[in-house]
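Okay, so here's just one chain, in structure tokens, the form predicted alone.
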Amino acid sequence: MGKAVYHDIYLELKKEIEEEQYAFKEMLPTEHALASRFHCSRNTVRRAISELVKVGYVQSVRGKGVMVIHQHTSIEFMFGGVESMKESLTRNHKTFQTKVVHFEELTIDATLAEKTMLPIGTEVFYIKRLRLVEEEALIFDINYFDRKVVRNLTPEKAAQSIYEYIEDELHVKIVTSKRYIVVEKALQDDKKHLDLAGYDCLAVVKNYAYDADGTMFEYTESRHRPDRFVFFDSAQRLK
């Protein structure tokens, strides 16, 4: 692998943990062994381990080493990062498909402005997308994208990754995402499109996204069947 920087090592170890090369509660190799493997200093290894700690994949255990605490029982969404649905499901090694069930252009009125926090008069793409995870309809996304920022969006692009389109084709930098999780009763659209498996409530993530200019360009409600998902953050207590 040659001389690896700490971020390369972090990504490699993270991938191996996600692929279950290390089991839950298994100890990682020692710093010395990892430094030898990656042809780097032990300090570089420590920095990589620190990144794994931040995302909740490992924990340092005094006198023993570094233990894997990442589990694979549910689909995990990192609540603290800006991550697209495609990136999240790919990281969880889940096969998925996106179906666009509604696509139109509309103008934000007073009622929608209160709901979305987008200014009255903003022209938006209003989209409903169904996410099939391993052939189960588990997530129903309702999107409002500012047409001045997310230009020339089409149903075909919406069926792929809108964030990839925004960043790779439009070269718009997505900087900040504010998220709130609430529990709501299933609505008629949810019952129509989702495999609810008897559930009558959903975990709903409300997302407000901003670009590098501070413009809020997206409001999304991502409506999840509650039994298949875990939303997590990771923090260390400072003493």
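None of these values were measured; they are calculated from a predicted model. Start at 1 and count along the sequence shown; that's the residue number. Rigid core here is just the name for the largest C-alpha set that superposes within 1.5 Å across the two forms.
The protein also exists as the form predicted together with the DNA; that form is not presented, and the subsequent description refers to it.
For residue 62, a non-hydrogen atom is located within 4.5 Å of the DNA in the model of the complex, even though that partner is not displayed. Residue contact with the DNA in the model of the complex: residue 66 places a heavy atom within 4.5 Å of it. In the model of the complex, at least one heavy atom of residue 44 sits within 4.5 Å of a heavy atom of the DNA. In the model of the complex, residue 36 stays away from the DNA, with no heavy atom inside 4.5 Å.
Per the 4.5 Å heavy atom criterion, the DNA in the model of the complex is contacted by stretch 25 to 33, the sole one of 176 to 184, 25 to 33, 189 to 197, 202 to 210. After superposition on the rigid core, displacement of the C-alpha of residue 202 between the shown form and the other one stays below 2 Å. In the core-superposed comparison between the shown form and the other one, the C-alpha atom of residue 213 has shifted by less than 2 angstroms. When two forms of a protein are overlaid on their rigid core, residues whose CA moves 2 Å or more are considered shifted, and residue 55 is not one of them between the shown form and the other one.
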